[in-house]
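Given next, in C-alpha cells, is a single chain: the form predicted on its own.
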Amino acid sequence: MKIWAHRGCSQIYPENTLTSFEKAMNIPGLAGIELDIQLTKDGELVVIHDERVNRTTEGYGFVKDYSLNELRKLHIFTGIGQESEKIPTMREVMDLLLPKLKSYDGGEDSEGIRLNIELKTSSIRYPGIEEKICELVKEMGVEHAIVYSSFLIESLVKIHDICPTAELGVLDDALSNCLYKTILLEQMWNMQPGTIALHPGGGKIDFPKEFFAGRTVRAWFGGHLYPEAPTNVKMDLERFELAGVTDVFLNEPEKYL
C-alpha cells in the first residue's frame, strides 16, 4: 500500500502550507504529496483547497476575487505564539519540493516523491489553469513525477491535449463513477485499459476488485484536519488493500510510515 500526504501533513500542521509540505517530503517511504490549485484574480496559481478563503484564513470570499497581493495579506493560523503562514503560490511549493521530485525515478526504493496536483475546477471554471500548470511543470522539468487529477473531466481532457503523456487520475466520490469516466476516456484516446488512475472516496469502494483489477486506485479520505485534535486511531489499511485499493491519501501519513 502506497501512502500519500493529503494536503501535506494536514492533521498536525495547517493544510496546503509550505510547512505541511516540508514535513511531508521528509517522511521516509512516502509515495507522494497531494495538493489543490486555483487561480487568483490576476491569474496566479495558488495552493488552497476551498474555493473560499473563509475556513483557513481570517479573510472572506472567493479566491478568484483576490489578487495575489491581496491573498498575501491573509494569515493562516498556526498556533498560539507561532508565526502565521500565507497561502503559497504553486511556484513556491514546486521550488520547495523540486529536489524530491527530480530524484523520483519510478522505482519502489526511490528516495524521491511524486506530486498529485488536483485542479479545483468543478465549481469554478478557471480559464487557462491547465495551460499554466502544465507550463510550470515543464519549466521545472518534473513531468515524470506529476499526476494531475480533477472532478471535472473537461480539465483532464485539456491536460491531455496539452501534454498527451501526462498521468491522470479521475476523481469522484464513488469508485464506480471513477471507473465509468475512466473507461470512456481511455477508449476515446485509444489508451491501454488501466492507463488512467481511479481516485475514489475511500468510503465508496462500491465494486468488487475483479472489476478494476490491474488499475491504480488511489483512495482519498476526509478525516480530521488541523487544528482538530488527532484521533490517535489508525485506519485498517489492509482492509482497503484487500478491496483492491493500491494507494491512499492520508492526513496523517507520518502515523503510518
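From 1 onward, residues are counted along the sequence shown. These numbers come from a predicted model, not from an experiment.
As for the form predicted in complex with a small molecule, it is not shown, yet the points below apply to it.
The chain is drawn here without the small molecule; in the model of the complex, the stretch among 118-126, 133-141, 100-108, 159-167 whose residues come within 4.5 Å of it by any heavy atom is 118-126. Annotated contacts: 4, 114 and 256 are all free of the small molecule in the model of the complex [non-hydrogen atom within 4.5 angstroms]. The shortest heavy atom separation between residue 220 and the small molecule in the model of the complex is within 4.5 Å.
Although the partner is absent here, residue 215 is not a contact residue: none of its heavy atoms lies within 4.5 angstroms of the small molecule in the model of the complex. Put simply, residue 44 is far from the small molecule in the model of the complex: not one heavy atom of it is within 4.5 Å. By the criterion of a heavy atom within 4.5 Å, residue 178 is excluded from the residues contacting the small molecule in the model of the complex. A heavy atom within 4.5 Å of the small molecule in the model of the complex is found for one listed residue only; from 93, 171, 87, 145, this is 171.
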